[in-house]
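Okay, here we've got a single chain as structure tokens, the form predicted on its own, with questions on binding and movement later.
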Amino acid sequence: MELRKNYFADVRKDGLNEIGQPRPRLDSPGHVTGKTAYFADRNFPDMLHLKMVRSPHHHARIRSIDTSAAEKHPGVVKILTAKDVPHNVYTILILIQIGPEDETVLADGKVRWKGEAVVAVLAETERAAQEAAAKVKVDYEVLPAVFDMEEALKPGAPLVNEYHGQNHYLYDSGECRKVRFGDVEAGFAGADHILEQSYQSSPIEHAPTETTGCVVAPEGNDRFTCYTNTQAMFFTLDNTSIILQMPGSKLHFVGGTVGGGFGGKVDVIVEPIAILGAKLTGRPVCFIYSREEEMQISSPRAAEKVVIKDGVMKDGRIVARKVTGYTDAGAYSRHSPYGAQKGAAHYPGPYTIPNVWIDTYCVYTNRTPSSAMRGFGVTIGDFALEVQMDKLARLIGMDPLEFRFVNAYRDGDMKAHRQPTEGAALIECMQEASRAANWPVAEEFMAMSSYTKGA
């Protein structure tokens, strides 16, 4: 890392002890010597193994569940269905007042995606649990499913999630999160050129080295210790407390070490049912995703579609931007309504555009529920925006970096969501990038400053 102290010398504080200094990660020695303890390193006497019976259908009504053959299988100790879960409908973000609750711990009456958990089997060995799970008989009535976001939003589309009543999340701004700034139609009317393009992504799986899981140990007095690889310790603790209708003081969560997460381990999926199994059997319980489950069941980065329409002047100024974004939540909300909302705030990009119109939809389909992944809600949007910027520069015959200098926001500029820009430093970053890449730009751009009082 190199600090360029010639920038912002009048406001910069030089008494920095950490920034710009090499610092070893505190957990590195344990990782490289094999001394780091992961949740799966815990092994308790009489520990049970939990395996799920999962839906083979994308959308179906559950007519009946027959566990009689599975119950007789050697080694089986307990079988759990929806009726055993104290509070079987939840949503992760209810803790920050984002509802409604829309996801079941174990499917109750319907399944809404292929792989949804229906029955939990606890047995003496992992093999016994797998074999018993295969003997559970579920009678399904297969229902029409929808997998395309725009199809899901059309009238008459199959209803994915009855807890919402429509195939989109309902924000306080309506069917989508909206941003309105200036007069976008007037901006288009006055533009020299208009370019509209669509960008689309597929779901992306995190593929961590360590799969999702936890180990739960009863501690007596109705207290339980849960060793978990969650990335969201307090979300997991509080949601588990709600789902199991237990005070948080009875639950001790131990985590902190994650063998690869990238946002994929923020969902509260394995801990509540594992603790419930331990509570009902009085024995330790281990619930770990197989590699197949991790790749097919754990929530991916959402599929997204972004439609961008820009109005641009011959001198390079973007005068209007209209964006419609679609985030595929899959069958349940998880973190997707938040991701779509972040996109709405982000789509103008780091550019000062006087007229902006943004609609972002969080859409429900019969696909695996999506959730967090490394800047979710903005990462795919950034790709779309910057490809769009290159296309706009090409359209008017302008160097793509100089085109960005023309439009880059500076301190004091008003953003589309009505927050003034502060501490941007974008001009200076681009200047250094041009030097590092040996990308020549005109002197007028190298003389610019992120201060509005400057050039």
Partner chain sequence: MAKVPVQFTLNGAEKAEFVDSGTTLLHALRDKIGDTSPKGGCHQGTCGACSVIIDGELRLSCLTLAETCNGAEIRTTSGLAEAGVLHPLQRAFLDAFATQCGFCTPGMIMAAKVLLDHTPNPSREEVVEALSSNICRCTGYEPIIQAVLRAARANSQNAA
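This is a predicted model, so every value here is computed, not measured. Numbering follows the first chain given and starts at 1.
One more form of this protein should be noted, the form predicted together with its partner chain, which is absent from this view; the next part is about it.
> Report whether all of 28, 35 and 208 sit within 4.5 Å of its partner chain in the predicted complex, measuring from non-hydrogen atoms.
Judged in the predicted complex, 28, 35 and 208 all sit within 4.5 Å of its partner chain.
> Answer for residue 373 alone: is it within 4.5 Å of its partner chain in the predicted complex, judged on heavy atom distances?
Residue 373: yes, in contact with its partner chain in the predicted complex.
> Are any of the heavy atoms in residue 41 no more than 4.5 Å from a heavy atom of its partner chain in the predicted complex?
Contact check for residue 41: yes, within 4.5 Å of its partner chain in the predicted complex.
> Answer for residue 190 alone: is it within 4.5 Å of its partner chain in the predicted complex, judged on heavy atom distances?
The answer is no: residue 190 has no heavy atom within 4.5 Å of its partner chain.
> Applying a 4.5 Å heavy atom distance criterion, does residue 83 contact its partner chain in the predicted complex?
No, residue 83 stays farther than 4.5 Å from its partner chain in the predicted complex.
> Which is the contacting stretch out of 260-268, 134-142, 72-80, 88-96, given heavy atoms within 4.5 Å of its partner chain in the predicted complex?
Selected stretch: 260-268.
> Which residues within 286-302 place at least one heavy atom within 4.5 Å of its partner chain in the predicted complex?
Heavy-atom contacts to its partner chain in the predicted complex: only 291.
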